[in-house]
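First come two forms of one protein chain, each written alone as structure tokens, so that there is a structure 1 and a structure 2.
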Structure 1
Amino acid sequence: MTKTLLLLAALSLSTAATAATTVDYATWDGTRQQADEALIAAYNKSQSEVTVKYNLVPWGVYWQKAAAMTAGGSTYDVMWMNLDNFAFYQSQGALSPITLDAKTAALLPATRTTPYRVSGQLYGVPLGPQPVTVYINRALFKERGVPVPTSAWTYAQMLDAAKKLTFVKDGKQIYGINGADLQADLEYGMSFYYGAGGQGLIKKTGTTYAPNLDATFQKTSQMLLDLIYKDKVSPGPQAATQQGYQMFLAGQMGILVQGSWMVSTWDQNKDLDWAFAPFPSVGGLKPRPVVSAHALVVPKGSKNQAAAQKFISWMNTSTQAQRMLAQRGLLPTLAEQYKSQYLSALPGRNAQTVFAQLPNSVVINGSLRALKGLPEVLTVLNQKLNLAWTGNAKLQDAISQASTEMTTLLKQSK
């Protein structure tokens, strides 16, 4: 009897010792689903202590679910996080600091990790850069006799191309570019603003902040707004029945400014002859497109902190994970080291232009993430500019009003 009990106890102990910890990983990004699932399968196969489970939570409800879970104390172990929401979750104490060994930490690109550092501690590790890129429909370019840009492109050349690409074909309106998506305060529009020499929408002097909607911002905004109302190469709010990417997918748009994450979306239309184009330079300056830096974070409520951090480290720096991402047409964290795999995954798409723009790319409002009330300040600007973009206000008035209201809000912020 005693022997049996001892045997059972030993068995249960050995089971407990070998039972894998389950790490729940949550993301909203379905465009990376296949890659994420493949990575997780590879990680689970590579070791036996941790089993990672993939959870796709739709973007439309991701943050509601995250908020409810955080409030209820039941969280995922690893979460996909964007910079817009990071400040809130971090300031609420809902995230755990991530401790990486010195060698791993040294590998990570500082430009993208800095916004996730608070008081010297790292709270998120950006999984690969997701830059704003320019896509073109090569078939339309060829049809209209427009030279396909390969290594350099100016804004004037892009505008000229957009004009030629705006025409009616078989009763269908074809547009040159998605100007409605290029509102100057958002990531696509701001890519032109930074490229035109913009230094940031909010300026810090000593300990005070003030709006910086300067001449560069005004000029860039006007230039982008003109695509809709003056140059008429883009559908405006009245004409746009489909979103820009949908028109591009349907072959009804020549140039599309969007993110590198759209690559898997283009697979929906196998007949679409798409390629990357170089980001256009403004005023002879080097392009500085925005790069998103979505990161992996560990919620404080996670009961598997160590396993979660180990998984994050593997995703960001292991050779296997980096190679797998690049082979699926996604830029890995250490993008430059896996350039050949990335280019091989996207043959004939002029993907080298994405690499060419990376060193000069910029994280949107990267230095302001610690500023309290930043979302409210940016919302004011967004709302005012939206009035101009939808034809309901003059641009100068919108910028002026935004500046006034931003000043008031910034005086209350620290």
Structure 2
Amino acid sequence: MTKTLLLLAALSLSTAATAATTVDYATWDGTRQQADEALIAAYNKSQSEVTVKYNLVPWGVYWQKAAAMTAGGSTYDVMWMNLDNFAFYQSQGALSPITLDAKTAALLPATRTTPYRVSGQLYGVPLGPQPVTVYINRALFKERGVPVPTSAWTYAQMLDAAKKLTFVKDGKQIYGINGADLQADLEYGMSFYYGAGGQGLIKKTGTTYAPNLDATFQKTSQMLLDLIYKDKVSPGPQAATQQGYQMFLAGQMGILVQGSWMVSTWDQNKDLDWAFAPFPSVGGLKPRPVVSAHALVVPKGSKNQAAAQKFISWMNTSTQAQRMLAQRGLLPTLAEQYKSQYLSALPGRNAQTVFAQLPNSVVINGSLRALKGLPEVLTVLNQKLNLAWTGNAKLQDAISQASTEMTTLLKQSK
């Protein structure tokens, strides 16, 4: 072969080597890092046309980057999106419609794609379901003589258990439950609010919205706040030197209300004897814990939209991806179809309670997906309630102030 032909061949190989499209994937959820990196490695290995790059971005910085989408600046190609922020970004034209092939679309449950549909167009493909769950430290339960719940229990029983699980051991304070995380406007606390009969923090009448911080919300908020200041089974936000999940991981907390996505975190402590517990009922009603409807979206500014959508389809419906997630103890998009793999990945952890609660779960703020100003309204509510949770305001004053400011914002919202 002549030098010219050799040079042309080398150039051809070089061009082919650099022709692969790079899809930047961004998430804020570090609990899934190992799983996401394994998924991406599998996808990259399965084909040569696209290389997906993983980006783990801290929560605050993540939304700064998301804000750049509305300005039309550079952005990632595939991003995580939560339902509270979806309406704003979609209304600003920051998201691209997602077109799924017929096979992929048929596999996805309609109930999970509905929250991300606007005027018949799909703008996000849900990850999950991602339910709020209850974890227990079985060793502490046994040590304190507390019955381990396996199929059902009530809030009163949970509170009684939390009281018995609050004690000093080897000079360390053990707490019953992570009450500081159970602010009633956030997903963990809202799971008790819905279970008490709550109908949503904001109500829509005709074309107008108004706060719905009613008696059920107030009663539930007080019940959860009492865990810190009255029942004293939880460290207060000001007193705690660690977050609730860190205390549970260290064996210093008996009950933890968190998300089903935390299972890989508990592997950091091989001595932790943890299990799922059924979500407790409130006032004799069926539990209605929250499902966080996070989704994958394609920003309008993505230069690789076709490749991004292909990757999203693979992540959410391919047999390989679904099986990999289930085998790591994470609920895949097609959770029901991979239940056996999920349960096999968590033997002896009472994981069947996670599936048992799904049919009666509530998509967090699902009825408000068209409210463009939702993030701002929820921020006001969060700030006011946080004053009560940190002991800096009376609960009723915080709720009253939140209602007033929310009313003003909602009058401006469409």
Partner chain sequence: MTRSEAVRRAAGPAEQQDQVRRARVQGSQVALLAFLTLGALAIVIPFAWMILTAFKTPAEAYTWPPVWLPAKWSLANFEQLFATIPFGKMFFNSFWTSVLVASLNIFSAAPAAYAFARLRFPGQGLWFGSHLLSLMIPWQVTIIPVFLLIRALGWYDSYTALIVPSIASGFTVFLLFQFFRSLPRSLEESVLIDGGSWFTALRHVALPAAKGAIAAAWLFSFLGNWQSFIWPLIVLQSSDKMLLPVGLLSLQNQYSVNIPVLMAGATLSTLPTVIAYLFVQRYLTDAAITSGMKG
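Here the rigid core means the biggest group of C-alpha atoms that line up within 1.5 Å when the two forms are laid on top of each other. As the structure is a computational prediction, the values presented were derived from the model and not from experiment. FYI, numbering is relative to structure 1, first residue = 1.
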- request: Quick one: identify the form predicted in complex with its partner chain, either 1 or 2.
  value: 1
- prompt: Across the change between the two structures, how many whole degrees of rotation does the smaller rigid part show against the larger?
  reply: 13
statement: Students should find the CA displacement of L39 between the two structures, rigid core aligned, in Å, to be 3.4
